[in-house]
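Just one chain follows, in the form predicted on its own, and it is written as C-alpha cells.
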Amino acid sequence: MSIQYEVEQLADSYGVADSFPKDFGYGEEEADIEDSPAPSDSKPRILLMGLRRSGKSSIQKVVFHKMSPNETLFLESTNKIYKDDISSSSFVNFQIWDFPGQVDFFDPTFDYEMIFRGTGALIFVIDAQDDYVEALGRLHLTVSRAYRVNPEINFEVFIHKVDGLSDDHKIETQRDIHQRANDDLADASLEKLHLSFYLTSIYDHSIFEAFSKVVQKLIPQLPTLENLLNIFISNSGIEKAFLFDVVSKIYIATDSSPVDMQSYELCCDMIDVVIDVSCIYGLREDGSGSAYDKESMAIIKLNNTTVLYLKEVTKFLALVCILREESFERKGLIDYNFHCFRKAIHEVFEVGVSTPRPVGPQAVGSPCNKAVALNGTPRSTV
C-alpha cells in the first residue's frame, strides 16, 4: 500500500509508542523457564534484572508487547523468572528473561552458571527516583558473578524512570551512578568489565533508543549494514537514515552520523502513522491482507522543508530517511539507490542463510543468527 501525506504543522511533542494494533506484535508471553521447550534455549538471551518495582516488566511490555505506559501501573510484581521469545522478526531474534528482584545468587537452586553462560546481554534496571544504594550493591554482585562465568556478556545499565527528574538532576544522577558503579568494580579488580549507561523512561522514546543500542551489539552483520547505509545516504543526498524493525521500532542500524533524539522520534511516529492508516484502509474488506508488505511506502513533508521517506526493505524491516525537499526532487535517483541498497541487504542475509548450520551445542536457532555464538556475541561479520 502506498501512502503520501502532507503535514503542515510539526507537532510540539511526540506520542508514546503504543498505537500498534495488539495483534501486530510478537505473540503471547511464554510461561516460566521450567515449562519451556529446550530447543529455543539456544537463542541469544537478554536478561532483565534489578530490584523489585524498578520497572523491568514495564519495559518489556511497552517495547515488545505494545502496552500503553499507563497500563503498566497495574502490572503485578514479578515473582518468578519469565521468558519472552522474541521471534517474529528475522533480525530481532532472541529471548528476554525477566528476573524477579529478589533473586538470590547464593541459593543452591539457582543455577547462575547455566543462565549467564548462554547470555548475550545483561540489562540491570535502576530506579532513578528511589534510593539506589541497594541497587548499586546488587548491580555489583550481579555483574561480577556474571563476568566470572561469561566475560563476553554485554553489561547495560538502564537508569530508569527519569521522566520525573529535571535535566540537571538526570545528569547528576547518571554521573553519580556511573562513578559509584565503576569505583566498586575497580575495588574488586574488575577494571576490564565495561558498563554502558542509559537514561530511560517508558513515557518517551528513550527506552526504544536504549534497547536499540543493546540489540545492535547482538547483530553480527551490524558493520556491514552501517557501511551500506553510509554508501546509500552519501549517494542520495539524504541527511539521516534508520533501518527499523517495524514491530518494536528498534532501529537495528543507522549511518555513522550522530543520532538526534528528535529525528528518531519523528521516524518512530511515522511508522505508527503508516501502520495505523494501513490497518484502516490497506486491508481487504474481509480483513485479510497485511498492514505492512512489499508495497508499503510513505512520504511525509513537514513545514520546515524536511521530508520523511519510508520504504519497505523486508517483511520486518523498513528504511526511514530524513532529507531536504530540494534533495527529494531527485526521487528517481533515490529510488534507484534504494533498489541497490535493498538488493544488497537481501544478499547479506542470504549469505547467512546459506552458511552451513553448526551442529551440537553451538547450533543457533534461527537463520539470522548463523554467525552468532551461543552467548549471543558476534563470531564474524557477514
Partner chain sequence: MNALVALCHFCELHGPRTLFCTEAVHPPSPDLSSQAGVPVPGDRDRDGDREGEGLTMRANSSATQTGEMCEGCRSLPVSHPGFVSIDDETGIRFLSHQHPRQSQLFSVVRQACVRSLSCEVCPGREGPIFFGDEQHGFVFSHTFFIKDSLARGFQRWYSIVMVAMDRIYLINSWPFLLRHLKLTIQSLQSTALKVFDSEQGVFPQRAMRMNSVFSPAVLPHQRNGNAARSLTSLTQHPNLWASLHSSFSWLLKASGSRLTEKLLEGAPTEDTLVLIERQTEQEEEMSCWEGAEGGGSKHHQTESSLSHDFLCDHLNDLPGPKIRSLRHLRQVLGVADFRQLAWHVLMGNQVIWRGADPGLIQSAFTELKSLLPVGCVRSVPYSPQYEEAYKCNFLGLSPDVPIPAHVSSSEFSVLVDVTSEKSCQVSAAGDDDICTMYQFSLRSANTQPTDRGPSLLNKLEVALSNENLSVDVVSHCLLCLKEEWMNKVKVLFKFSKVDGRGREDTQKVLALLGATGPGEEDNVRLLKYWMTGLSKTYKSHLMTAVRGGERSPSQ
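Numbering follows the first chain given and starts at 1. If you're wondering where the values come from, they're calculated on a predicted model, not measured in any experiment.
Here the subject shifts to the form predicted together with the partner chain, a form of this protein not shown in this document.
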TODO: Verify the contact flag for Gln179: yes if a non-hydrogen atom of it lies within 4.5 Å of a non-hydrogen atom of the partner chain in the predicted complex, no if not.
DONE: no
Open item on the list: Is Asn150 near the partner chain? Define near as a heavy atom within 4.5 Å, in the predicted complex.
Closed with: no
TODO: Indicate whether the partner chain has at least one heavy atom within 4.5 Å of a heavy atom of Leu283 in the predicted complex.
DONE: no
Open item on the list: Can you work out whether Asp184 and the partner chain are in contact in the predicted complex, taking contact to mean some heavy atom pair no more than 4.5 Å apart?
Closed with: no
Open item on the list: Is the partner chain in the predicted complex close enough to Phe232, Thr305 and Lys331 that every residue in that trio has a heavy atom within 4.5 angstroms of it?
Closed with: no
- [ ] Could you check which residue among Gly137, Pro100, Gly237, Pro223 gets a heavy atom within 4.5 Å of the partner chain in the predicted complex?
- [x] Pro100
TODO: Go through Ser296, Ser263, Thr254, Thr78 and name the one with a heavy atom inside 4.5 Å of the partner chain in the predicted complex.
DONE: Thr78
Open item on the list: At 4.5 Å between heavy atoms, only one of the stretches 125-133, 188-196, 275-283, 142-150 reaches the partner chain in the predicted complex; which one is it?
Closed with: 125-133
- [ ] Scan 44-77 and note down the residues that get a heavy atom within 4.5 Å of the partner chain in the predicted complex; none is a fine answer too.
- [x] Leu51, Arg52, Arg53, Asn70, Glu71, Leu73, Phe74, Leu75, Glu76, Ser77
